[in-house]
Ligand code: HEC
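A lone chain, given as structure tokens: the form predicted on its own.
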Amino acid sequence: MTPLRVLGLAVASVLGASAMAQSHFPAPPTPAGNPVTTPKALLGMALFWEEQMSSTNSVACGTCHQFSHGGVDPRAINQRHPGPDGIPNTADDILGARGVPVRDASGHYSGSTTFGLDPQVTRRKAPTVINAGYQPALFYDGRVANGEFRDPVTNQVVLTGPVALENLVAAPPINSTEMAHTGRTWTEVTNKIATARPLALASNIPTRLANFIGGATTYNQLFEQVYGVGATATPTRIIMAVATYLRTLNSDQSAFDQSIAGQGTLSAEAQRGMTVFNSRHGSAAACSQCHGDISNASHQFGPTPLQTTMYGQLPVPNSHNTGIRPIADDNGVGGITTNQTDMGRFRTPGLRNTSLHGTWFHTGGLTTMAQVVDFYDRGGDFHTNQATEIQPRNLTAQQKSDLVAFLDALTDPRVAAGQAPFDSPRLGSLNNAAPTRSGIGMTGTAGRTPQAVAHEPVVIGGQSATIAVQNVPANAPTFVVWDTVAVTQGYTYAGLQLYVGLYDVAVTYAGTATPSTGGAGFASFPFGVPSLRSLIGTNLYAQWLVFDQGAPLGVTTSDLNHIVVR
């Protein structure tokens, strides 16, 4: 690294720290072995928004934690898990986070009983990562906590103390619903990231992050900048960098925060709503009894939910069964502890920026803030093992409106506007980095029309990307026809409906279709692209050819996939 480059990083470190530091909260607790530095936080930022962290190049941590929506997944309203009954569009559906299709280490799709070849959807909504550094336990059931962080490969204790964030970061990259192929290990994650081109799929990279990446062509070069000459990516270094970045995402400049700091005032409606928030209503507890993060004390201790509330209660680990769904749907904390008193309890979330979320509760089942207020006003919906604090409130229409106004006043304008430290790249999933489909296939046996499937962006040097075909006869031989040009309107050749241009054509045997349901089947084909920068921007077109004895010609074709190499 040149002396000017070193000087530039040092200046960026100082300026970045002063510009982005929270104004009112103390720094979140940090383990001694993983101190916060600006270069390490920037490395963690790159990794957090890096879609190549997933097996499919299609999911980053930031995919499901977008700041414009308060750190949750804005796609959730259109992403349904059918819930415990397995039937879509019923009351127990979950508005979760979309992850990856079921696939093995080689890239072959296995197919899911619930989702087929489509990306799976999580069984719980993605919680926010903003202000997560102040939480002693994370995930809705609190299953990762402070104490010890162990290297995910060697199982040796690496850090002790406030390490809930490190334990959190270790989970998603090897979760086969969220980001990983079946059986993925952290060694595989690290080997992929080490040589990946930083943020190859993203655009609109914030200036501070672009300056940090500079001309680096691999992540190993960035790890060397942060961890020293000769340092390379390791599981622990990846995890510690992302955790460091998360410790910079602290939101404390809402109208509420400015008012309790004496730097602003709330609207009359929000002030009345704050009174509702802090007051008992009949036998129901005040909202602040569980949401202790919304208090003057947060400016002294941080927005931890374990603050002693105005009623002197200190719930540990501050989890409650609010009655949003029956216990049988999801045991929550009870599924971790197996204690009967914990059944149906979920960790109480922080409320800053909650108005941006768009969906609420671990189910995502309520989709307006007014619905949330109505839910608590009626005392919840399911009452087995429900928290005694949750009781009917009998609020007036004005009180409800005022309470919503107060909750709106908990939004940090930097979060809503995507300003540092809540700035972010534009992900490849928003840039059409994934292959696109066009045209229509030929109908064959039992009226089945082969459908091309491609969810995975293709990156040079990538270990594998996968395309697939579904809705074909089980055990039918399948082939992929490739070309670098296409005829978008399609044409007929030897009786076949084709879209590939037959200009630079290649044909690859993809194997026989795996049986799925009702006599149908699917096939998948993993492939890689050499690490040649000259291939970036190359157009590839892929169309499936299926030998189908029930088709008029004994052969059918699929629609077309257009792939742009990144």
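Position 1 is the first residue in the sequence shown; the rest follow in order. Just so you know, these numbers come straight off a predicted model, no measurement behind them.
Note that the form predicted in complex with ligand HEC isn't included here; everything after this is about it.
Quick check: do Cys64, Gly99 and Val372 each get a heavy atom within 4.5 Å of ligand HEC in the predicted bound form?
Judged in the predicted bound form, Cys64, Gly99 and Val372 all sit within 4.5 Å of ligand HEC.
Just one of Phe479, Phe277, Tyr227, Phe115 has a heavy atom within 4.5 Å of ligand HEC in the predicted bound form. Which one?
Going through each option in turn, the one that passes is Phe277.
In the predicted bound form, which of the listed residues (Val169, Leu222, Ala196, Ala202) lies with a heavy atom within 4.5 Å of ligand HEC?
That would be Val169.
With the cut-off set at 4.5 Å between non-hydrogen atoms, does Val59 touch ligand HEC in the predicted bound form?
Val59 belongs to the contact set for ligand HEC.
Does any part of Phe48 reach within 4.5 Å of ligand HEC in the predicted bound form? Heavy atoms only, please.
Phe48: contacts ligand HEC in the predicted bound form.
Using a 4.5 angstroms cut-off on non-hydrogen atoms, would Thr128 count as touching ligand HEC in the predicted bound form?
Yes.
So, Val469 and ligand HEC: in the predicted bound form, are they within 4.5 Å at any heavy atom pair?
Residue-level check for Val469: no, no contact with ligand HEC.
Spot the stretch among 490 to 498, 175 to 183, 255 to 263, 85 to 93 with residues whose non-hydrogen atoms come within 4.5 Å of ligand HEC in the predicted bound form.
Correct option: 175 to 183.
So which residues in 365 to 390, when you check ligand HEC in the predicted bound form, have a heavy atom no farther than 4.5 Å from it?
If the 4.5 Å heavy-atom criterion is applied to ligand HEC in the predicted bound form, 365 to 390 yields Met369, Val372, Tyr376, Ala387, Glu389, Ile390.
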